[in-house]
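One chain comes next, on its own, written out as structure tokens in the form predicted on its own.
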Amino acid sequence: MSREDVRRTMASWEAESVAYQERHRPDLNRWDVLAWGVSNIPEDQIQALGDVAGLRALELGCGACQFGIKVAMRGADVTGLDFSANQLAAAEPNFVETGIRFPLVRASAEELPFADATFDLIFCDHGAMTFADPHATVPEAARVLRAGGRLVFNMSTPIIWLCWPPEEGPPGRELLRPYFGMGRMVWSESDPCVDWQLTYGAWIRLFRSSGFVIDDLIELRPGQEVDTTYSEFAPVDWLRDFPGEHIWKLRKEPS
């Protein structure tokens, strides 16, 4: 990602942070359950993270730390990283409400300010792995993970990207974008935010070249009823028929 891309995406989040937190607080601030994605699939159901007790963990793109707080509640020693000052500032009320507090770092996921082999686990749920260049973030994640450490992240799938219309709107049941045209995407002129997506083959080659092995790819499928504040992402019947989100579970190979 270019420096200009970093500035564009950061400006978008600085402008939208307050509205985003207000709109999605009913989803994000459910302290009684750790759940993934727009459909709130419980971690206890899919076991994407597994036992995190005692692990030194980093959340890439932590926002207001709701997900990280719930991981910390399960015994992980969490550090949160985000490049939006407004998103990080929104964490304080959540720390006060839950009594959970951990260090926050304002930095880009493409240039992690940590020493090699610092963490046992890196995770995010639609965080920096969506908004930063994976050609930079994946090698950086590998660098700061210890041997055997895990990178676990949820993001939209290439499939939903193919079905999203050129402008804002729900995905349909026809392919509207070229599969081999994925990569860097600016969705509209009115929103400067940059998103990233790769083909499945490109993801796999990037993981392997960065020293990861793939333990699993969990395709999230909601039940018939979904209680979510992210209804604009996709209709429930679409998400029941096609994977709109998936979780990559990766493990760093010993060097």
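One-based numbering along the sequence shown. Remember, predicted model here, so these are calculated numbers, not experimental data.
A second form of this protein, the form predicted in complex with a small molecule, is not displayed here; the remarks below concern that form.
Checking Ala132, Leu145, Val71, Val138 against the small molecule in the model of the complex, a heavy atom within 4.5 Å turns up for just one residue: Ala132. By the criterion of a heavy atom within 4.5 Å, Val78 is excluded from the residues contacting the small molecule in the model of the complex. For Phe233, no non-hydrogen atom is located within 4.5 Å of the small molecule in the model of the complex, even though that partner is not displayed. In the model of the complex, no heavy atom of Gly149 sits within 4.5 Å of the small molecule. Looking at Leu34, you'd find every heavy atom of it more than 4.5 angstroms from the small molecule in the model of the complex. Using a 4.5 Å heavy atom cutoff, none of Ser156, Pro222 and Leu239 lies near the small molecule in the model of the complex. Annotated contact segment (heavy atom within 4.5 Å of the small molecule in the model of the complex): 105-113, selected among 173-181, 90-98, 160-168, 105-113.
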